[in-house]
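The chain below stands alone and is given in structure tokens; this is the form predicted on its own.
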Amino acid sequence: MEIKFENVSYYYNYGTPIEKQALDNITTEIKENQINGLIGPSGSGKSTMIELINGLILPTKGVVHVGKHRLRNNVRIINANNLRFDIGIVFQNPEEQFFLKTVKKEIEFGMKYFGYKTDKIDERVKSAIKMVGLEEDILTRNPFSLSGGEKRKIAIASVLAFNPKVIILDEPTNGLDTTSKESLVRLIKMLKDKYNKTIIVVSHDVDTLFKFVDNVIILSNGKLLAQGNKYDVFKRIEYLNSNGVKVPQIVQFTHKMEEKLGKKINDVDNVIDLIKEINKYV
């Protein structure tokens, strides 16, 4: 699904003495069927962008294009529910919102709320569990008995049950150990490669994010600081550092090795690939 921001600004409490600008004239594109990283410090406008994409709020100025939807100021979204079915959001620490006694009840809760037919619900629940790489026997378990990584996968399965075209993950690796992070990274890649999902990942964990995203959008104080292919964006180390943006360690190390070798190293995502590249010149 195509998502574009066209000269979008957003103000909270617009027109009042306490108005606050959250986004300032943003023009950018979320690449379809790719993994897009949304980066920036707290208060940079990331959450506002997510709410605009999902139709929870409307832009003060400009237009947000979400598939066939055109979201403008003072335009009532007649089919807002349809838009939100197209956009699935997994919030930060979603497992804290669990409240039912079995995994199955957690996944099917939203579909029952919106009146899905029972036979369709069972089919979608099983399909969603399969997509996140879990066995069906987990459906009978209490979600509070699961590991952190399993809980995160259940939260993602709850969104996948609606079969959204776009999946937004808000700080998905937060609170996970290394093993769970690696498992989640594999899942996110699979959702793009096998199921052609458009994925947006909001994260402060740039080292993990760099391993699996295709593109990045970096915000700072509501402004667009940088955007594009991850390699092109993060190689601007001095520019990003001067604006308080953390650069992935693998990028910094690669840059130092290039200076030492006096040669350009091909784009790499991890240390293993970097070692292979270095060995070509040693």
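What you see is a predicted model, and the numbers here were worked out from it, not measured in a lab. The first residue of the shown sequence is 1; numbering continues from there.
Just so it is clear, the following notes concern the form predicted together with ligand ADP, a form of the same protein that is not shown.
Since the chain is shown here on its own, which stretch among 232-240, 34-42, 251-259, 209-217 would lie within 4.5 Å of ligand ADP in the model of the complex, judged by heavy atoms?
Within 4.5 Å of the partner lies stretch 34-42.
- Task: Determine whether any heavy atom of Val268 comes within 4.5 Å of a heavy atom of ligand ADP in the model of the complex, and answer yes or no.
- Result: Taking the distances in the model of the complex, the answer for Val268 is no, it never comes within 4.5 Å of ligand ADP.
Is Ser47 a contact residue for ligand ADP in the model of the complex, using a 4.5 Å heavy atom cut-off? Ser47: contacts ligand ADP in the model of the complex.
In the model of the complex, does Lys263 have a heavy atom within 4.5 Å of ligand ADP? The answer is no: Lys263 has no heavy atom within 4.5 Å of ligand ADP.
Does Asn13 make contact with ligand ADP in the model of the complex, using a 4.5 Å heavy atom cut-off? The answer is yes: Asn13 has a heavy atom within 4.5 Å of ligand ADP.
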